[in-house]
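So this first bit is one chain, no partners, the form predicted on its own, shown in structure tokens.
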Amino acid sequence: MRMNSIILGLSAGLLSSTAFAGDVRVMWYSDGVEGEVIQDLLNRFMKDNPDINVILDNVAYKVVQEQLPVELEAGRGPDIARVTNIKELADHWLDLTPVVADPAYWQTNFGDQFDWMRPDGSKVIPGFMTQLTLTGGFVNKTLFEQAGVPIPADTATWDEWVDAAGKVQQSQQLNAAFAIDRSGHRISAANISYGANYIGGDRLPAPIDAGTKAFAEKLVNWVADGRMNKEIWVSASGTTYRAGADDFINGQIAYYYSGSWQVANLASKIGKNFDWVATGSPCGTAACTGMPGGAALVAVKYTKNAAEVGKVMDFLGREDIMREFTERTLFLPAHKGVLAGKIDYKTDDENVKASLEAFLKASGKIAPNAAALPAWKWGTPVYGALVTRISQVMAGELKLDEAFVRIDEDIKAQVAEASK
């Protein structure tokens, strides 16, 4: 994979807005093969537009989550960035309306998600979703078959999934039965399935409720009895994200809860080692929901080359380019025209085809409380408080009741700080 820059840590200078006419710097992270695909597409753009030099900085996700916000607050940043913390940083995005060729095209094809990316009440065009995502589970079918354990039905609860994976763990002598990404966003799907609602009547965060507490207690108990992979959660601190994909890829767990963005990653790394498939989301007492979301490619308003940024975004947002990107990355598309047509995913892997079908099917089960969160300003502070404090309980640093108090305090403090 050819990259103009491969970066594990960034200096302020590298994150600063481009100073040279004709240069457009793009900060990009990858879950699977999309970095290779976007570089190929940008090379094509530069061949047709030799006066514009696009520099792709492929960085670790941690850089996007932790370093980019600091730079943006200082009035610096790349010209374009691929981000998931879209709403909270919305004040930093450039309005593309004056610099794209056809704003009506953007509204028609990407407009359904604009409110995910812009300040409340705003009408700007900030960018587009590179893909839509949905959280959900993956099952190692081969391990279940070897253990003689039936794969739970579509309507199975979280308890039933963990019980089944636990039987596979015992039979196949696995270190853990299952794993969930170390992410407040990931566990929010389950919280909502147990009735949680994060959004208060005033649109500010509501105190954590019985639904959130119910699933948090389950997580802590599953760690205590050895069925949930503890290390993924306690080996990092604060809000640091850590995926559990490697344990699933290496056949060390029977069930993995993550999301649709993992499909290409799993396909490329598992190969023919075992059979696997996506499962949708387990049920709670109120729903069987996943968490919708995605990554957005946004323009940063501190750019000094807005016209060139507009040309790059117009190219990447074209229907034929978005279709190719979708088909090669195995993502769920966010472009209305692509969704309306035939999508020819570039794979012969039956595991992949079945998984994409499962996620498309699960998209019809999204609960209203989950559907409301991508456009809500305060999602990120809530996710961060959840993962930080629940991890401390798993590590033995807090009692669960103490963690619930701290979560509410953390969220209130972040809202107060942001409202100054």
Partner chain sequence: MGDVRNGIATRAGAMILAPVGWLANVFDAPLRMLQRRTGSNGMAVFFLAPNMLVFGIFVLFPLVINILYSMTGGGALFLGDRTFVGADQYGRLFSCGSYLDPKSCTEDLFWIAVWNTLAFVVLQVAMMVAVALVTALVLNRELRARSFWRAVFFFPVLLSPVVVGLIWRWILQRQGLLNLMVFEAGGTPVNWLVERNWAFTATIMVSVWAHVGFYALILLAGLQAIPKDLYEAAEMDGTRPLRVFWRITLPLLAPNLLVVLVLTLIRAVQIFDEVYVLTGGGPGTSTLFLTQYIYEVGFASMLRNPGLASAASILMGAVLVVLTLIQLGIARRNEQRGKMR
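The term rigid core refers to the most C-alpha atoms you can superpose between the two forms while keeping them within 1.5 Å. Note that the structure is a prediction, hence the values are computed from the model and not measured. Positions refer to the first chain, counted from 1.
Below, we turn to the form predicted together with its partner chain, even though it does not appear here.
Looking at its partner chain in the predicted complex, residues 107, 122 and 318 place no heavy atom within 4.5 Å of it. Judged by heavy atoms within 4.5 Å of its partner chain in the predicted complex, the contact stretch among the candidates 331-339, 235-243, 147-155, 268-276 is 235-243. Its partner chain in the predicted complex comes within 4.5 Å of no heavy atom belonging to residue 258.
By the criterion of a heavy atom within 4.5 Å, residue 74 is counted among the residues contacting its partner chain in the predicted complex.
Its partner chain is not shown here, but in the predicted complex it comes within 4.5 Å of a heavy atom of residue 65.
Using a 4.5 angstroms threshold between heavy atoms, residue 112 stays clear of its partner chain in the predicted complex.
229 is the sole member of 193, 212, 133, 229 with a non-hydrogen atom within 4.5 Å of its partner chain in the predicted complex. Of the residues given (172, 326, 252, 303), 252 alone sits with a heavy atom within 4.5 Å of its partner chain in the predicted complex.
Looking at 351-388, the residues that come within 4.5 Å of its partner chain in the predicted complex, counting any heavy atom, are 378, 380, 381, 388.
With the core superposed, residue 122 shows a C-alpha displacement below 2 Å between the shown form and the other one. Fitting the two forms on the rigid core leaves the C-alpha of residue 146 displaced by under 2 angstroms between the shown form and the other one. Core-superposed comparison between the shown form and the other one: the CA of residue 266 stays below a 2 Å shift.
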